[in-house]
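A single chain, nothing else alongside it, follows as structure tokens in the form predicted on its own.
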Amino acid sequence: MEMINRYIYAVTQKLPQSQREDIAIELRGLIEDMLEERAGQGNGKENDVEEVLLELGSPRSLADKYRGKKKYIIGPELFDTYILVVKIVLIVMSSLIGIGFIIQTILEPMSILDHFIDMIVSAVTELPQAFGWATFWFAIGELYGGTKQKDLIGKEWKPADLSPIPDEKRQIKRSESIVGIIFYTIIIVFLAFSNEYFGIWVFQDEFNGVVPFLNEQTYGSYLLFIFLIFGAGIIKECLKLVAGKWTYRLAAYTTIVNVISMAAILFMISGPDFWNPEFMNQLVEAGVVTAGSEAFDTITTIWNQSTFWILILFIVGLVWDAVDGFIKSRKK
């Protein structure tokens, strides 16, 4: 019956991923056995199901019995997702640090020792930070979930309270969230720790350097906004992983995160000190373009309008992300 399926789904969603299938089979068999015992009492089938589910208790309390009631910094409901996110972030960051070392060595082979030392320093400083921040945010999520659970204690639970199993249109694919986490992690590592390579690469028989897009003198003051914007994106994808389906609450959280990101983006890239003020002059000095030429005028126009179009793209993307969440939340 539909109510049984809803109950089993509600219980197993609160358990570690590796245990869900086995416990679902075990729980379904237990419910069927209990219903058979009541079959001779002449009660209606629906009443029998409700009585059995009431006897088993609320999905949360039954899930607690399966896993044992313990105190956690990060409990079983979030632990699988937490481990997955930590693995993704650490693997991506480690890979990028290694790739950065290889690229630097190819471009400047005479400084390989300096590049190797930089790689070790980056690994020692950045990887623990990533682990710490991931643990911190999941611990906050566990604390919020624990508080919410305490608020429900003492309230009578009824089978009618069971939420319907979400259809495929509302479910969020884990692969989408994983790709999102990887993307945001790459952007953070690249912009925060390898921003000197963010620009026009100049080659004249050999690598002659990079004409940077960003103002190297003031860029350090914007690092907080870089972490805020793309870190918020990682948090958003983690929320999707934990929820597993679109709901109005998740869509609201997504909207809040997007509004914070949008405000940070507006403040950051619209500032006069964010972009390299000597970008066009440095292009000319590097021999990439000749001053006064048609190419020079075209690049100047694109450069002057870049802030506007980047803002438009970010705003459209964030707004659509929020709207799409609410649309999917409405689907039955």
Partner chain sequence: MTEAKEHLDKIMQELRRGTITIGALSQLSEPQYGYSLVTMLSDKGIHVEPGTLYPLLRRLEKQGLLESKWDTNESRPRKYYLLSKTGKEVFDLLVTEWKSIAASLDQIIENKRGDENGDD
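Positions refer to the first chain, counted from 1. This is a predicted model, so every value here is computed, not measured. The term rigid core refers to the maximal set of C-alpha atoms that superpose within 1.5 Å between the two forms.
As for the form predicted together with its partner chain, it is not shown, yet the points below apply to it.
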Next on the checklist: My question is simply whether residue 25 lines the interface with its partner chain in the model of the complex - judged by any non-hydrogen atom within 4.5 Å.
Outcome noted: yes
Checklist entry - Contact between residue 65 and its partner chain in the model of the complex at 4.5 Å, heavy atoms? => result yes
Next on the checklist: Taking any heavy atom pair closer than or equal to 4.5 Å as contact, tell me whether residue 286 reaches its partner chain in the model of the complex.
Outcome noted: no
Next on the checklist: in the model of the complex, is there a heavy atom of its partner chain that lies within 4.5 Å of any heavy atom of residue 56, even though the partner is absent here?
Outcome noted: yes
Next on the checklist: Quick check on this chain: which one of 50, 278, 32, 273 has a heavy atom within 4.5 Å of its partner chain in the model of the complex?
Outcome noted: 32
Checklist entry - 291 to 299, 56 to 64, 262 to 270, 278 to 286: which one contacts its partner chain in the model of the complex at 4.5 Å, heavy atom to heavy atom? => result 56 to 64
Checklist outcome for this item: Within 80 to 114, the residues having any heavy atom within 4.5 Å of its partner chain in the model of the complex are none
Checklist entry - Does residue 54 move its CA by 2 angstroms or more between this form and the one not shown when the core is aligned? => result yes
Checklist entry - Superposing on the rigid core, does the Cα of residue 15 end up 2 Å or more away between this form and the one not shown? => result yes
